[in-house]
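Below, in structure tokens: the form predicted on its own, a single chain.
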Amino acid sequence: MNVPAARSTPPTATVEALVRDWYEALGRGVPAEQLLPHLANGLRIDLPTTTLRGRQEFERWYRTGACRPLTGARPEPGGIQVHMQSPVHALASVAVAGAGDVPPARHEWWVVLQDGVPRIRTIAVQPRPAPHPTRDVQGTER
């Protein structure tokens, strides 16, 4: 299929906006129906404790309230890096700040252009170790 590159490649800013909007919507606890249109066919979400496949699994999981690894996450300032991988695929690497019971993590997103709209195909949550406190010469933690 020959599609002009100008119409088939999601702009980097559009992918970054999708990522930011997604975290914002999750943080507000929007109904699942508002999130589903942003999910691509073949969806997979890899979390530290489970893997979700498809819109139905995502919807059930989201409705249970077990979605804290995503809903409690916020990208660090300047923490979203988008790399175009093909005319229809983008990889977004997101550094997520830890807060409360949500540890710092790196979220890897694959965004795909489907029906001319960027959609989320994969999110993989990879925990990052929290920074170790520094100690001064006397061994006091700072």
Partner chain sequence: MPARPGKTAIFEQFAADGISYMFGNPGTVEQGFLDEGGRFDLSYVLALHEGAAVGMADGYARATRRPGLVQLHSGVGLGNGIGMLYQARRGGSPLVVLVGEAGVRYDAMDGQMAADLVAMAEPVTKYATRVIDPDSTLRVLRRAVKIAMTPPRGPVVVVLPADVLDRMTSEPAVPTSLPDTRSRPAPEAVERAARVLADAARPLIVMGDGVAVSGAKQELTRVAERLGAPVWGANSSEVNFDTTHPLYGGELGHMFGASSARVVGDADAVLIVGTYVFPEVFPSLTSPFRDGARIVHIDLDAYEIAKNFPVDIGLVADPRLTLAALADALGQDPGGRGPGGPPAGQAREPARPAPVPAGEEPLLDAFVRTLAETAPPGLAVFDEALTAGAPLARHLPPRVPGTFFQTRGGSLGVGIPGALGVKLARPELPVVGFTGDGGSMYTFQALWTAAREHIDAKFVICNNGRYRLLDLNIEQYWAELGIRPHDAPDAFDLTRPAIAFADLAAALGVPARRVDRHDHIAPALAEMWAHEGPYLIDLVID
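Keep in mind that what you see is a predicted model, and the values were worked out from it rather than measured. Residue numbers count along the first chain shown, from 1.
Here the subject shifts to the form predicted together with its partner chain, a form of this protein not shown in this document.
With its partner chain omitted here, the record of contacts in the predicted complex names 106-114 of 106-114, 92-100, 74-82, 26-34, defined by a heavy atom within 4.5 Å. None of the heavy atoms of Gln126 is located within 4.5 Å of its partner chain in the predicted complex.
Heavy atoms of Thr14 never reach within 4.5 Å of its partner chain in the predicted complex, leaving it off the interface. Among residues of the shown chain, His38 is not one whose heavy atoms approach its partner chain to within 4.5 Å in the predicted complex. Remark: Arg60 counts among the residues lining its partner chain in the predicted complex, judged by a heavy atom distance of 4.5 Å or less. The partner is not shown here, but in the predicted complex the stretch 43-60 reaches within 4.5 angstroms of its partner chain through a heavy atom at Arg44, Arg53, Gly54, Gln56, Glu57, Arg60.
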